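Coming up are structure 1 and structure 2: the same protein chain in two forms, each one given alone as structure tokens.
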Structure 1
Amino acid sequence: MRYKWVYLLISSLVLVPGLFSLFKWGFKPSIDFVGGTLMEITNVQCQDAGVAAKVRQIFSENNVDLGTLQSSGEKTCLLRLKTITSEQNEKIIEVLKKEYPPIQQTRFETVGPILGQELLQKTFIAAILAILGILSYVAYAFKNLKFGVSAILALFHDVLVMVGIFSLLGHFWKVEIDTLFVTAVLTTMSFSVHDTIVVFDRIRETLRKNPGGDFETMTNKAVTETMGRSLNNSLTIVFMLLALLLLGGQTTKFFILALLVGTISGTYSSPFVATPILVLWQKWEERKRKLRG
């Protein structure tokens, strides 16, 4: 923990640009949040990566943002996109028919958002309740509130890294957030606490074996002992996500990227954010006890 201020500085260098972007520009919401147009076409193999890429290219060339493109049956595709007019729809269908002559449009309608305001509010309240539950459980399990608070602060760190990076991606590269991004955030919250508890458990075990030992020294020992396990565990996930990111489809590309960012941040925050906060809190308590005499 000798370099704890360096670790916190590294976190700040990642967090500050993301938070600035978040408050300045916010997110670029997808059709899942704002609603749009639902279109269904048949007689085309959209599960074929080449066909899907060509369809997306046609929409892009007509200045239409195509959100999701998924197969909904044999030779049937369901497309969700930003709201377009009937004229734009007819123009795109004509181009698609020239490229894939048997293609037919069977559905064209305007739809509302999947994640409405009320559902988002309920999701936010559920997340807050889950965080309070985690805080209470970790504090109870470790018989000390500072373990729970440190784990939750590391969790906030990981979530803010994710939302900050995606705010920057949305502003500079027009990357949208959708329901899969919400799933990635919730998954990262779970992973972050899971990895932190492993480190904290080793700290508690080390303190039990060395009663009266210096807290920072014991913490260093615990972090060193768990570092290999944490890295090996996380690298298996990172390699799998990298393979999916490079070889997977366009639809899940940014979902995988969000999980990758969350996994790397969660691996970093357990030893280099949660643990330094714990050490600083312990030192603050010791100084307070000395001043009281």
Structure 2
Amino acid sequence: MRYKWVYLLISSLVLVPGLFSLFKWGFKPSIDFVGGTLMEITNVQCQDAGVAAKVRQIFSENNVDLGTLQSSGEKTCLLRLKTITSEQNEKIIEVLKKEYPPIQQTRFETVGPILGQELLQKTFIAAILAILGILSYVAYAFKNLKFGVSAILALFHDVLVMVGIFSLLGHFWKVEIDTLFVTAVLTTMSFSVHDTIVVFDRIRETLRKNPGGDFETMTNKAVTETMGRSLNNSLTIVFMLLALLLLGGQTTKFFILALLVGTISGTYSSPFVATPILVLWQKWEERKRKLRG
């Protein structure tokens, strides 16, 4: 734990720009959260992959964010997109007609979000409850509140890293936050604590084996001993995710990226965020006790 400050610096290099971006620019929410336009066009064969790709291309060339594209029946297609004005709509239909002359627009309506404010709030409450549950369990299992709090702080670290990076991606590359991102954050929360507990468990065991040993030395020992396992475990997950990211479909690319960021941060934070917090806290307490005693 000699390099506590280095670890802190590495974390802040990622966290600070992310948080800055989050407060300054926020997110770019997808239509899952804000709603948009539902459009139906007929006389075009969207179940054909080539046609679907062409339609998508036309929308992006006209700077319209197309969310999903579904075929419905023989020659009808349902499109979900960001809210557009009727002028924009006319323009895009015109372009589409040039490509597929018989095309006709049969529906054009404004739709609300899939994941509305209320649900988002409730999911947030559930996440907070889960965090409190984890905090109590870890504090109970380790007979020490410090372990629980440090694990949760590492979890916040990982969530903030993800959220920050996606805020930056949103600002510079127009990456949107959608319902999949919510899933990725929830996954990372579980993974982060899972990983931290394995490290903490070793610290607990090392302390038990060497009663009276120096807390910092013991933690160092524990972290070194679990390093092999932590790295191997993350490597297996990173293999999976990299394969999916590089070779998988376009639609899930950013979901996988979010998971990748979460996995790497979750692995990093166990020895390099949760543990230093634990050590600093313990030392601070010891110093306080000495001053008093």
Partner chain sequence: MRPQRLLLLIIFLTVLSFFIDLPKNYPLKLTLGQFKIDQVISAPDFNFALGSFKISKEIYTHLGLDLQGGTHLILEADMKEIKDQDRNQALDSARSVIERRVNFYGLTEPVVQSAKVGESFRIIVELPGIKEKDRAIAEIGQTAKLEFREWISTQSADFSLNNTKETGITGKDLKRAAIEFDPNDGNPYVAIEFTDEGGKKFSDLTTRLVNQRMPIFLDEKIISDPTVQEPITGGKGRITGQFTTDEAKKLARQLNAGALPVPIKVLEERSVGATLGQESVQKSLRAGALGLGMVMVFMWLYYGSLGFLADVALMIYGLLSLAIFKIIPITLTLPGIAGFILSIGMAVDANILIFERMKEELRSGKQWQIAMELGFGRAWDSIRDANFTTLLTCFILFNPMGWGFLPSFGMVRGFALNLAVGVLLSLFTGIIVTRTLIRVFFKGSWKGFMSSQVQK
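These numbers were taken from a predicted model, which means no experiment stands behind them. Between two forms, the rigid core is the largest collection of C-alphas that superpose within 1.5 Å. Start at 1 and count along the sequence of structure 1; that gives the residue numbers used here.
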Do you reckon the form predicted in complex with the partner chain is 1 or 2? 2
So with the core overlaid, does the Cα of Lys122 end up 2 Å or more away between structures 1 and 2? no
Cα of Gly133 displaced 2 Å or more between structures 1 and 2, core superposed? no
Could you tell me whether the Cα atom of Thr68 shifts by at least 2 Å between structures 1 and 2 after core superposition? yes
Enter the rigid core superposed C-alpha shift of Thr106 between structures 1 and 2, rounded to one decimal in Å. 8.0
Give the rigid core superposed Cα shift of Val95 between structures 1 and 2, in Å, rounded to one decimal. 5.9
